[in-house]
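To begin, one chain is listed below as structure tokens, in the form predicted alone.
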Amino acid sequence: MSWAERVRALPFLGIGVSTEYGAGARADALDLEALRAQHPEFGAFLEVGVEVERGLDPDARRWIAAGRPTTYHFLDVNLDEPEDLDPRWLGRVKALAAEMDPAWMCGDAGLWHFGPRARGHMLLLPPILSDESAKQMAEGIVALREATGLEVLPENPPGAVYLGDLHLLDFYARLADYADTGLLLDAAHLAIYQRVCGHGPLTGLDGFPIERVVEVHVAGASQRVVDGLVVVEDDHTPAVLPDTWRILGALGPKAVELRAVVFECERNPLAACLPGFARIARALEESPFGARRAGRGAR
């Protein structure tokens, strides 16, 4: 079955939030239960960051036990390395997915580890932006999709240095084509890439298959200087870069299959996050996503 046919079966989730093991343990972390109770329109689903060796923390289990929607965000697989999809790891993934019942699987399509997989490694580097790399990664996406029965949406990771001869958006366009898959576009990560490479925030979007974008991430970032190098850190604060908002606004009208938007702010108090949630909703109000959210023309 082709992507054009498969996408019709994916649910519309709305605006949600992400978490990973232990994220809610800090005193000033986002209270998932308060978000759901007080602002259910911004807590429509939970994207659970999963490293199989750690499993699910109490906050995620509480959400799942309540029967609320989730997505499975992997934190421990290099999609371009066939040996990463070993039987033991796949078995744990399937067991966790059975417990979570996620709408789909997604995750940064880059390097989560260098060398053998180890608990807590979580290196996360961008892929080499080449055609050959895209082909290898596509094979991993197809294999994981077939093994789990879930759609696997590759996400563009953050980075301070990028290697390869392709623009990041061209790389993920080829990846989507080779794997015949949908995409998760992280607007904050894209804003970082564009700035690092000296591009305008919307460079490359005109040739990017926005119609394949199923999920979008928005998050804060901070600029700092490290040994004389200007680095933009993907720190998940509520302080979203202006370039990220520009990218989100540009995506909205064209993202006809957009079903989920995550505000990654899990380590910040609810009050500090609410303006960001509200701005996401306003930015997409007149888009196909906004129409579905409001119950107009939803399918």
Partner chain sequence: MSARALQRVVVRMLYDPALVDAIYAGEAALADVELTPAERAWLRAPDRRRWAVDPLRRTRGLQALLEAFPVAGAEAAARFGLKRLDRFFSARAFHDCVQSRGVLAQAFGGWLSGLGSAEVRAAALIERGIDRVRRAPPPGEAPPSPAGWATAPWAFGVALPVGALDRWTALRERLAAHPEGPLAALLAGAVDVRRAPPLDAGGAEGIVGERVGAGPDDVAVGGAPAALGALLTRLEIPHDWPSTAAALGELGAEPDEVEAVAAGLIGDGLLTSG
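What we label the rigid core is the largest C-alpha set whose atoms superpose within 1.5 Å from one form to the other. Numbering follows the first chain given and starts at 1. These numbers come from a predicted model, not from an experiment.
What comes next is about the form predicted together with its partner chain, which does not appear here.
Although the partner is absent here, A239 is not a contact residue: none of its heavy atoms lies within 4.5 angstroms of its partner chain in the predicted complex.
Using a 4.5 angstroms threshold between heavy atoms, S130 counts as touching its partner chain in the predicted complex. In the predicted complex, no heavy atom of A97 sits within 4.5 Å of its partner chain. Using a 4.5 angstroms threshold between heavy atoms, P201 stays clear of its partner chain in the predicted complex.
For its partner chain in the predicted complex, the listed stretch (84 to 92, 213 to 221, 173 to 181, 145 to 153) containing residues with heavy atoms inside 4.5 Å is 84 to 92.
No residue in the set L10, A44 and V256 has a non-hydrogen atom no more than 4.5 Å from its partner chain in the predicted complex. If you take 216 to 251 and check each residue for a heavy atom within 4.5 Å of its partner chain in the predicted complex, you get R224, V226, D227, G228, L229, V230, V231, in sequence order.
Core-superposed comparison between the shown form and the other one: the CA of G228 exceeds or equals a 2 Å shift.
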